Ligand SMILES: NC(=O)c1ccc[n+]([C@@H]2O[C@H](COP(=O)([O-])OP(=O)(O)OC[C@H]3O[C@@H](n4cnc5c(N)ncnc54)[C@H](O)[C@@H]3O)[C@@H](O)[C@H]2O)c1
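Only one chain comes next, encoded as structure tokens, the form predicted on its own.
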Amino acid sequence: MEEAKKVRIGIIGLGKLGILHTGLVNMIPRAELAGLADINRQLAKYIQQSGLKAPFFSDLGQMLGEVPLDAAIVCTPASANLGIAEKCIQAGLDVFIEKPLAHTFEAAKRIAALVSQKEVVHATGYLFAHMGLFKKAKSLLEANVIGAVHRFRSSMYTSEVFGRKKGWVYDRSQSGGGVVINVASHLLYLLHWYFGPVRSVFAQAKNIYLDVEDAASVIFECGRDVVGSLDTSWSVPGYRLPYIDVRVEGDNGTLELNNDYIKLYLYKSQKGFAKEWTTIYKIDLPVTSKFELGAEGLYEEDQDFVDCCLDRTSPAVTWQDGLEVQRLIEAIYRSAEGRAVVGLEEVE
């Protein structure tokens, strides 16, 4: 019997997320970890000690030239994504890029344009699209369980920055900004997915410890006459992991969503849900993840990319989706800088 085809994947960038993706790809039955690349040559020793059989390269061009690959997963600083994406597309590879798509909107546009005339599977790493609780909330909103949505409030906090810090994440030239692009972009994807398209934003940002923003607040005007807000900070004590909270108000009640549960309050029963309170806990949803190595949804994200590479279908989050999140991020930064409302149609 002919052996099932596997997607030969190269991991580019071996920071925290690169290591996580490396471990997960190694566990996906129809994926083959075929190559590892990072400019830090000292990582070669780590690769040997970890037992990984894939060859290590400190030069990306050498890996692309010497290793037969079908796809690449890019986990480098955001400022490097454009150049790496160009090389991977030229090599004929399908490409997954960790969020954000790029460090600037202009670079993100150039990345998205790379596949405008090429049949290449392309994905962006926004985890919430792959997590059961957030997908369940999406289905409830689409089914109009709480009726027509009027407004929402959202927040995302983590305990990360309480003084000066070093690293590319905190360097605007490499990451593109602070908490908005590096943490809250996950929640921005969720809001775009649930309530988009966004028509305009008004934002304020605050530098507390760093030269990039440590906190921000945003007001949104969305399609279908929905208004909403977001508050985010990576300088709030008590949040070991990023924690989100979303409250949505509709004609028939409210939906509350956080990392652990969905809570519904309905004025009248709808779609099998009783009047008044219903709570759906994450732990009670069907288990879809085989592994949880530091971040829920990563295995599903990589599995989705592998499946799409094999089936030649579109992943849950494409580069175009990543570009729309980047457009929203750009509008937020322009609004905060200019202290004015910015329409999304102005961001071109």
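When you see a residue number, it is the position in the sequence shown, counting from 1. Small disclaimer: the values here were computed from a predicted structure and weren't measured.
The same protein also exists as the form predicted in complex with the named molecule; that form is not shown, yet it is the one meant from here on.
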Given that the partner is absent here, does residue 135 sit within 4.5 Å of the named molecule in the predicted bound form, heavy atoms only? no
Give a yes/no on whether residue 100 approaches the named molecule to within 4.5 Å in the predicted bound form, heavy atoms considered. yes
Taking heavy atoms and a 4.5 Å cut-off, does residue 33 contact the named molecule in the predicted bound form? no
Given that the partner is absent here, does residue 186 sit within 4.5 Å of the named molecule in the predicted bound form, heavy atoms only? yes
Site check 13, 76 and 127: each within 4.5 Å of the named molecule in the predicted bound form by heavy atom: yes
Name the residue from 67, 39, 285, 44 that puts a heavy atom within 4.5 Å of the named molecule in the predicted bound form. 39
The chain here is shown without the named molecule. Which stretch in 227-235, 92-100, 108-116, 271-279 comes within 4.5 angstroms of it in the predicted bound form, by heavy atom distance? 92-100
